[in-house]
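Below, in structure tokens: the form predicted alone, a single chain.
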Amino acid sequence: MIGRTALALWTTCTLIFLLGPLVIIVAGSFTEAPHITFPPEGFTLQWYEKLMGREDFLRSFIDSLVLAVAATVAATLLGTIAAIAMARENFVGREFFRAFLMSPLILPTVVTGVALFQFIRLLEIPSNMLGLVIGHTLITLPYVIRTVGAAIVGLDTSLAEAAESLGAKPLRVLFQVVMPAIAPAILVSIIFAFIVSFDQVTISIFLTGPDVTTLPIRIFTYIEFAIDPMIAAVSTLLIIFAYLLVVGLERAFGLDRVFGQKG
């Protein structure tokens, strides 16, 4: 009895810890006060109306969306190829190559940002968006390699061996046996890469420019001079965006199947 009570108390505390900030920020977006309050003072939509008049925030949202999609596509392609190569081929320097690709997870993001800034300026890349795509691809690549690599290691090799024994060419085995088997892991890696890229601040600070300002940088810059409930309104809309994204994935693929809870 005491154990069940303690478990219920622990679960409640965990839910409050996870959901409490979201409840406060959503409620604060409707307050009539000039600053975020909880519980909200009155009810108003004026902060959403103010946000709708800010074209710079809409432009930053589109920039972040384009950047996250481009970085996710690049990281998924490169990461999947690298994960398959490291799992199936025993070439010289494989462990060093793996450690090198995983290094963005180990190095402080500030160090990675400074290094990317110097590297991109050295190459004289004229487009800030291209530089951001390169930087975001670099930091999302480890998530793809780790997720897809784990799926390949756990893959039943007898399936590929059976296909090869029946005369299937290596490319046919790859695309008709291996890729369908690891498709859920690839989709999970896409979700991770998109979220990491869309929320990235530190790397973007070093690589952004006057023609591209991502939404996290726009919010970061805005709260340096004012902390009013419009930021809470932006955050609330991002929560709704993330919720709709998850619902869309659930409807399209089924998250239980994607995360391996069902066969």
Partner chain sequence: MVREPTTVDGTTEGGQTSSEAPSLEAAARGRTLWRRFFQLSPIAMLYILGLVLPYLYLLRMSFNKYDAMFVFREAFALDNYAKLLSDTFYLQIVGETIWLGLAVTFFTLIVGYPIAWQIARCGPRMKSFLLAAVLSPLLINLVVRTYGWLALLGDNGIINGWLLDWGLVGTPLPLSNNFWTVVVGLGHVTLPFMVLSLVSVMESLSSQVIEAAESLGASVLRIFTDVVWPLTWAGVGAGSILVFCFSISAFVTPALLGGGHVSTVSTLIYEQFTFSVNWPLGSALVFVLLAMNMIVILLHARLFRQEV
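Remember, predicted model here, so these are calculated numbers, not experimental data. Positions refer to the first chain, counted from 1.
Omitted from view is the form predicted together with its partner chain, to which the following refers.
A.B. asks: Look up in the predicted complex whether Phe97 has a non-hydrogen atom within 4.5 angstroms of its partner chain, and give yes or no.
C.D. replies: Contact with its partner chain, yes.
A.B. asks: Taking 4.5 angstroms as the cut-off for heavy atoms, does Tyr48 touch its partner chain in the predicted complex?
C.D. replies: It does not: once its partner chain is placed as it appears in the predicted complex, Tyr48 has no heavy atom within 4.5 Å of it.
A.B. asks: Classify Leu78 as contacting or not contacting its partner chain in the predicted complex by the rule of any non-hydrogen atom within 4.5 angstroms, answering yes or no.
C.D. replies: Yes - in the predicted complex, heavy atoms of Leu78 and its partner chain come within 4.5 Å of each other.
A.B. asks: Quick one: does Glu55 come within 4.5 Å of its partner chain in the predicted complex, counting heavy atoms only?
C.D. replies: Glu55: no, not in contact with its partner chain in the predicted complex.
A.B. asks: By the heavy atom within 4.5 Å rule, which residue out of Val69, Ile62, Ile227, Ala33 makes contact with its partner chain in the predicted complex?
C.D. replies: Exactly one residue meets the criterion: Ile227.
A.B. asks: Quick one: name the residues from 24-50 with any non-hydrogen atom within 4.5 angstroms of its partner chain in the predicted complex.
C.D. replies: Residues within 4.5 Å: Ile24, Ile25, His35, Ile36, Thr37, Phe38.
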